[in-house]
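Before any questions on how it binds or moves, here is one chain, the form predicted alone, in structure tokens.
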Amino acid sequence: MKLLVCVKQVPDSTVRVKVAGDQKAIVPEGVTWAISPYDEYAIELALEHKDANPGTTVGVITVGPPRARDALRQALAMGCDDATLVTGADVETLGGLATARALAKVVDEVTPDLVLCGKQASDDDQGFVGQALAETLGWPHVAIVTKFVASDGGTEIWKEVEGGHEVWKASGPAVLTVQKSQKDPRYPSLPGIMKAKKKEIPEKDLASLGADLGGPSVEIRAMEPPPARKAGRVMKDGDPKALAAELAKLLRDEARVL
């Protein structure tokens, strides 16, 4: 089975980002970049299938600026077999639909059996590209996936629902958007890191793909950091009943959560 995982490079979740002066982007200086967390779960799911089925190959692809090559190196160090970078002018301002159309062109060339994406990116939280990719390809799509296995005549896919899972079956190629699963993504091993450094990462020019990059897009009007949290209040040293009554009053009148 041939698997292809689509990833996005985003600011690491532990980094405090700053909004640029034009309020339409973040200040890139000092930012540590990483693979979006749900995309890491998609990689892990693909690699688990490869571990259980040695004939499986796992490719990884991203549409992004040249620095996104580092995210691909990380995926290779985790155990992916090959990687492709799609880059070019204005690649950082592409909308979700244009990104999906660019990815679809590469998918048509690679002809994988399954395409895996994280259910959403951690920077914009749109959760759009995976579904748009499936629509562009004309492939079926299953969301909130936590597991898949090969079965007779297709692939069984576990979709998380409230209180349990649904099991779907795809008889041909499909796009899966992956949810957080029980097993955390593996860390790159030292041998994996050394091998990843030696692997070539082919680069495709965005403009040469022939994808329609027009159509609806999202315009960023302004960014602002979240408001600072108010200082907390500690209640102690008093009658428990009186403290409980005062706490309930504060939760109702000030916090407005009751």
Partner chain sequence: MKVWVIAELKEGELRRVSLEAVAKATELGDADVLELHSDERASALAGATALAERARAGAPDLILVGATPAGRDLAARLAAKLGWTYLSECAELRIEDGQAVAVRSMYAGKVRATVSGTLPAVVSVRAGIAQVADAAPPRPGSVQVAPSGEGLEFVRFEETKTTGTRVPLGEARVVVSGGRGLKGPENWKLVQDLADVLGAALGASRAVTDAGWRPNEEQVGQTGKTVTPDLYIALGISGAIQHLAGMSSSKVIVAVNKDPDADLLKIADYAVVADLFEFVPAFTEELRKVVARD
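Residue numbers count along the first chain shown, from 1. Whichever C-alpha set is largest while still superposing within 1.5 Å between the two forms counts as the rigid core. Just so we're clear, the structure is a prediction, and the values are computed from it rather than from any experiment.
Another form, the form predicted in complex with the partner chain, is not on view; read the next lines as being about it.
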Given that the partner chain is not shown alongside this chain, does Met223 nevertheless sit within 4.5 Å of it in the model of the complex, heavy atom to heavy atom?
yes
State yes or no: in the model of the complex, is some non-hydrogen atom of Ser217 no more than 4.5 angstroms from a non-hydrogen atom of the partner chain?
yes
Mark Pro240 yes when one of its heavy atoms lies within 4.5 Å of a heavy atom of the partner chain in the model of the complex, and no otherwise.
yes
Test of understanding: in the model of the complex, would Gln131 fall inside 4.5 Å of the partner chain by heavy atoms?
yes
Among the candidates Val106, Ala150, Ala143, Leu85, the residue which, in the model of the complex, approaches the partner chain to within 4.5 Å (heavy atoms):
Ala143
Are there residues in 236-258 with a heavy atom within 4.5 Å of the partner chain in the model of the complex, and which are they, in order?
Lys236, Pro240, Lys241, Leu243, Ala244, Ala245, Leu247, Ala248, Leu250, Leu251, Arg252, Glu254, Ala255, Val257, Leu258
Superpose on the rigid core, then tell me if the C-alpha of Lys249 is displaced by 2 angstroms or more between this form and the one not shown.
yes
Align both forms on the core first, then report whether Asp12 has a C-alpha shift of 2 Å or more between this form and the one not shown.
no
